[in-house]
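The form predicted alone is given below as one chain in structure tokens.
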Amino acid sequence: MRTRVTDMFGIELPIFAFSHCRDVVAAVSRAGGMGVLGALYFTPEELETELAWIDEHVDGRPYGVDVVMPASYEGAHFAPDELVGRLRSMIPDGHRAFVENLLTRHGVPPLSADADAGKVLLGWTDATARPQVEVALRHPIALLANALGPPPADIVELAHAHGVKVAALASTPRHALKQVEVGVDVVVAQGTEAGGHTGEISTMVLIPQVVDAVDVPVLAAGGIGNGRQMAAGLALGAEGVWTGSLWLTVEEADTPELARRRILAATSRDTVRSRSWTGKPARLLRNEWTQAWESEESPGTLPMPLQFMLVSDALRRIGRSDAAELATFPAGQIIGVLNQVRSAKDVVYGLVEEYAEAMERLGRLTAD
């Protein structure tokens, strides 16, 4: 397959795989696509370790790194050294009490006294994402991607100075135009079906709108889980696909076993756009956690990054308990067809085979 993105990155297949698991990233790149490591959950030191491992296991194939540098968030004007403290003070006591009461009702115990300190902020801010960018650019990455708004212009310039292309996610044509204005090389048009932070426009509607609005290559994202959907994305004008939830159940993924089983059993109706994770709308697995935040007793969610700072320890406590009914995580509607565990390589090859079959079938419709 050959499109502008395959030429841009020197890859065989226009398949981009977003994952927080380094094994998935390396496996997809080795299979001819491009793995993209989500940096959000890593400290700069941890990210250095992850990228060093990928460098050694990717067989010289290109890969990327995804960071989160939101266009807007609470506390953007705070100095970096006072950021966490100032933000903590902005979390109302009523919200803390709501979370604690929810956990108590479900029998979730507190963290042990010797538990590691949680990552309450992650890379949700400019100040915390920039060190991740610095680490990433010390490695031979081919792509730096950004979510939640256009990346800062100086970051785009810095990446380009290192010979690294920049991509950014967009959920409306207006967002896509803003991305191009700051100099991104690729726009990821992400429909509402996608897991994690996502907008309201469906992929089928969004892709042609974005393709018509910008002159850079567009990747189709949101609900891409098989070759027919890949063919549809390219038919709509995209030049590749950006996939995420698809990789949650592959053999290489470090998805916890409980979460993997829930994904394999889920239907496409078992997700919901909720602010209960970060304060911005994100598609999550629907359960008693997301329902609690929509209930009458909920105090309402807080703006980014306060919401995650509020719930980060709660999510850790849930993960270490038996309260599966509260365990939620980002997942797109494509989880409804993820019903078996395969290797990442097999998933990549399956996408290509299904794409070829879809194109052959369409070709027969127009054959003389």
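The structure presented is a predicted model; accordingly, all values stated were derived computationally and were not measured. In this text, residue numbers run from 1 along the sequence as written.
Not on display, but discussed next: the form predicted in complex with another copy of the chain.
Using a 4.5 Å heavy atom cutoff, I224, L234 and R361 all lie near another copy of the chain in the predicted complex. Just one of D81, E181, D215, E200 comes within 4.5 Å of another copy of the chain in the predicted complex, counting any heavy atom, and that one is E200. With the partner omitted from this view, the residue of D126, E193, D185, E74 that lies near another copy of the chain in the predicted complex is E193 [heavy atom within 4.5 Å]. Picking from 316-324, 37-45, 299-307, 334-342 the stretch near another copy of the chain in the predicted complex, with a 4.5 Å limit on heavy atoms, gives 334-342.
Put simply, P92 is far from another copy of the chain in the predicted complex: not one heavy atom of it is within 4.5 Å.
By the criterion of a heavy atom within 4.5 Å, E239 is counted among the residues contacting another copy of the chain in the predicted complex. Although the partner is absent here, Q229 is a contact residue: one of its heavy atoms lies within 4.5 angstroms of another copy of the chain in the predicted complex.
Shown alone here, S268 lies within 4.5 Å of another copy of the chain in the predicted complex, counting heavy atoms only. Counting a residue when any of its non-hydrogen atoms is within 4.5 Å of another copy of the chain in the predicted complex, the hits in 1-25 run M1, R2, T3.
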